[in-house]
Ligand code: TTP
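The form predicted on its own is given below as one chain in structure tokens.
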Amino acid sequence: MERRYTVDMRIIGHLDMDAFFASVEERERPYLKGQPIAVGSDPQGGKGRGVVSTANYPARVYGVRSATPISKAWELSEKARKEGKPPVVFISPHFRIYEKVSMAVMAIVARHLKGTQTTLFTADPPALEQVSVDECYFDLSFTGSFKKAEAIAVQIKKEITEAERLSCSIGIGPNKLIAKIASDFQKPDGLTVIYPDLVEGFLSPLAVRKIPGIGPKAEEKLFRVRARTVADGRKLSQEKLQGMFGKWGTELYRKFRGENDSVVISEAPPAKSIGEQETLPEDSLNMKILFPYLERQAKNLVSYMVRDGFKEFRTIVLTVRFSDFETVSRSRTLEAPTGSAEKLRQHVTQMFFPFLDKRENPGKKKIRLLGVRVEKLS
């Protein structure tokens, strides 16, 4: 029987594409169907640097996942190969293809948000909030019914499968927190609906790591006080959690109870930006080794701009990652827009010099990664 709630209840959906980058690559190369795939940097026979961006589900069986060091992914692939299993297929990312598919997916979701009812929690038209290239929140409160919201989710999934030949997982709940956790509950190709009165029972047996924001360090702290499941975490007082995590402890106290007040906000797409970054073959602080990377990136970015129909940029962002994985970004907005590769190179060089001395690098740490991005394109 369909449950009935107040007219101002919230019904929130969260869509997450399944192993997005890897699934797109498999779609583009049908001969890879069923093979373990890892999208990321070149493993270079186990000597590569960088990490896996996305691994598909067969690769995850081997232990290869997003953010796995590429050298470790290679080791796991070799282990599987020696056991007579298919080795992992390593593929360099094609971000422009992913962005194109992402736009098509978001357009499909938007087409289904055409409710005529408005409530305390929704905008008119209903809100769609894209939070990354492969996931978004959308407000289904206008339906006034979890059953109707589920029917819309079924149609969204069907259309994405037919139009893009990709699968996604959708979670529906009374707030963004529950919707996000639900979308991960039955991956891949899942659809999970959590009614308000089922929230506590749904969360209780889950590992604390399933709560967004809880990473390895927070998980370790919670394990120390015997909080391994959300039900365990719910036994901790707000004061106890504040003592463990500071201000975030109050938010965590509410998350353990499935409470979340944030609304789905439709925002204008951010200003287009174009960037490139590279992990060095070896950590270095040698100017003669580092500068050619920046010069090449500056030249490449201007060519990418021209290809995409842009003539000028105004903001430059430099990203530096040290050998200890500390990552620092610095930006500079020019007085006037320019499209000159030489000016970009000059500014990036000036921005980078402080990372060679005590101004930005007092510990003289070697550099692992360099990246340049241009923004405010016209």
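This is a predicted model, so every value here is computed, not measured. All residue numbers refer to positions in the sequence shown, first residue = 1.
There is also a form predicted in complex with the named molecule; it is not shown, and the following applies to it.
Figure note: of the listed segments 323-331, 59-67, 349-357, 306-314, the one touching the named molecule in the predicted complex, with heavy atoms no more than 4.5 Å away, is 59-67. Although the partner is absent here, E25 is not a contact residue: none of its heavy atoms lies within 4.5 angstroms of the named molecule in the predicted complex. Taking non-hydrogen atoms only, E150 never approaches the named molecule to within 4.5 angstroms in the predicted complex. The named molecule is not drawn, but in the predicted complex it has a heavy atom within 4.5 Å of K187. Remark: M17 counts among the residues lining the named molecule in the predicted complex, judged by a heavy atom distance of 4.5 Å or less.
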